[in-house]
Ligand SMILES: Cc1ncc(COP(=O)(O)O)c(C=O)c1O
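There is one chain below, alone, in structure tokens, taken in the form predicted alone.
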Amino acid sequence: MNKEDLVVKEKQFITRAVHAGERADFSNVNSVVTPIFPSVGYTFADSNELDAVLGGEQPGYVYSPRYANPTIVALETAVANLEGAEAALALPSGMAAIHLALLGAGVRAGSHVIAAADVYGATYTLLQNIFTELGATVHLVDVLDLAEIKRILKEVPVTAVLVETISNPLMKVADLPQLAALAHTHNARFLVDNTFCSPYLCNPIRFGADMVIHSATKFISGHGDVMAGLVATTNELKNEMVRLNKLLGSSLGPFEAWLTHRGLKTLPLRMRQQCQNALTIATWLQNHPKISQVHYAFLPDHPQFDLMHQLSGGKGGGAVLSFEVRGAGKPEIFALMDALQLIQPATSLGDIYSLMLYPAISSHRTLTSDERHSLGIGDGLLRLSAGIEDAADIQADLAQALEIV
């Protein structure tokens, strides 16, 4: 741990977001901001030093980024700090992070995995197609049905339980403390995709998670200009993922790491505004005659409002909400999205810009129509990621677009 980490370790979240991971000892390169180190190889004073570093007997860098890179280590240090984890591993995408976390947790042929049924569409397909084809058995369950999860844990040896803190796109809130207790009682690893909350709203490790996964493309980087993934976990599990990744070669580049770390520094400021905007828009949509249902975890009538309040310490329900346009199908939804002027119709979330997505053709496109509808993802469902614009301007744009329907 460098001097800077010792200084910021006990500071408030917003201070740690700015300073964590910075100003490591780079041989007296006393820069305020961590430099970008693009070098793949590193030289040493002699072969004995190279041997010591390769053997783990001495700190240092030997081959970047597969083993380690100073710019990437700075990002990993910062995220581990903000998540309250021993360590973190940076990867080139959120899906790479999900995939490697499952492998690192021990999922192999013959393993059983419990996963929330309404996880992100690509996660759903990874589990149902790739891992199933490789010999794992995947049990998709309603994350709110603790009795069913308990039943499966009792009946088969489960290797991993995977949930999202807030589900995408129906905004169900996972009961992290109870799920962690159930998983650990039956010797299963508990994995939490914390992308929608970010470390600012929730630290799942505090509630018993073994691995916390992020698509850092979203809120952590926050500006829609870089793709990255992260897993925050224990030193032991990180070492296992590093061992696997030396063979898989799924490495984040130093330029992407630097951009992600730069974005991370304003995370609390952005999330505070985005949560406020999302709540304002969700409350307004609840009273709109063309909206039949609003899904947002910080609305007082949301079934898990109290749980979300507990997990976030009252800081908010996130920046993402979804809503059903009354009686709408694909033609009406397309007309609405084409009418947007400020809100960008884009297949992402977590940016400083407000973004609108139609799950049926994007995040959950790989699911059949029957699979989508069984999960509650209908043809009139839209997902909005609130940006940092003025809430009145976001609302006005939605209002004029809804007039088209």
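Note that the coordinates shown come from a computational prediction; the quantities given were computed from them, not determined experimentally. The first residue of the shown sequence is 1; numbering continues from there.
The form predicted together with this ligand exists for this protein as well; it is not shown, and the discussion that follows is about that form.
J.: In the predicted complex, which of the listed residues (323, 298, 190, 196) lies with a heavy atom within 4.5 Å of this ligand?
T.: None of the others qualify; the residue that does is 196.
J.: Which one of 281, 237, 117, 227 is close to this ligand in the predicted complex, taking close to mean a heavy atom within 4.5 Å?
T.: Exactly one listed residue reaches within 4.5 Å, namely 227.
J.: Can you work out whether residue 349 and this ligand are in contact in the predicted complex, taking contact to mean some heavy atom pair no more than 4.5 Å apart?
T.: Heavy-atom contact with this ligand at 4.5 Å: present for residue 349.
J.: Given that this ligand is not shown alongside this chain, does residue 260 nevertheless sit within 4.5 Å of it in the predicted complex, heavy atom to heavy atom?
T.: Output for residue 260 is no: heavy atoms all beyond 4.5 Å of this ligand.
J.: Find out whether any non-hydrogen atom of residue 94 is located within 4.5 angstroms of this ligand in the predicted complex, and reply yes or no.
T.: Judged by the heavy-atom cut-off of 4.5 Å, residue 94 is in contact with this ligand in the predicted complex.
J.: Would residue 233 count as touching this ligand in the predicted complex under a 4.5 Å heavy atom rule?
T.: Although this ligand is absent here, residue 233 would stay clear of it in the predicted complex, with no heavy atoms inside 4.5 Å.
J.: Just one stretch in 86-94, 329-337, 199-207, 103-111 has heavy atoms within 4.5 Å of this ligand in the predicted complex, so which one is it?
T.: In the other structure, the partner sits against 86-94.
J.: Heavy atom within 4.5 Å of this ligand in the predicted complex: which residues of 215-231 qualify?
T.: The stretch touches the partner through 215, 217, 218, 227, 228.
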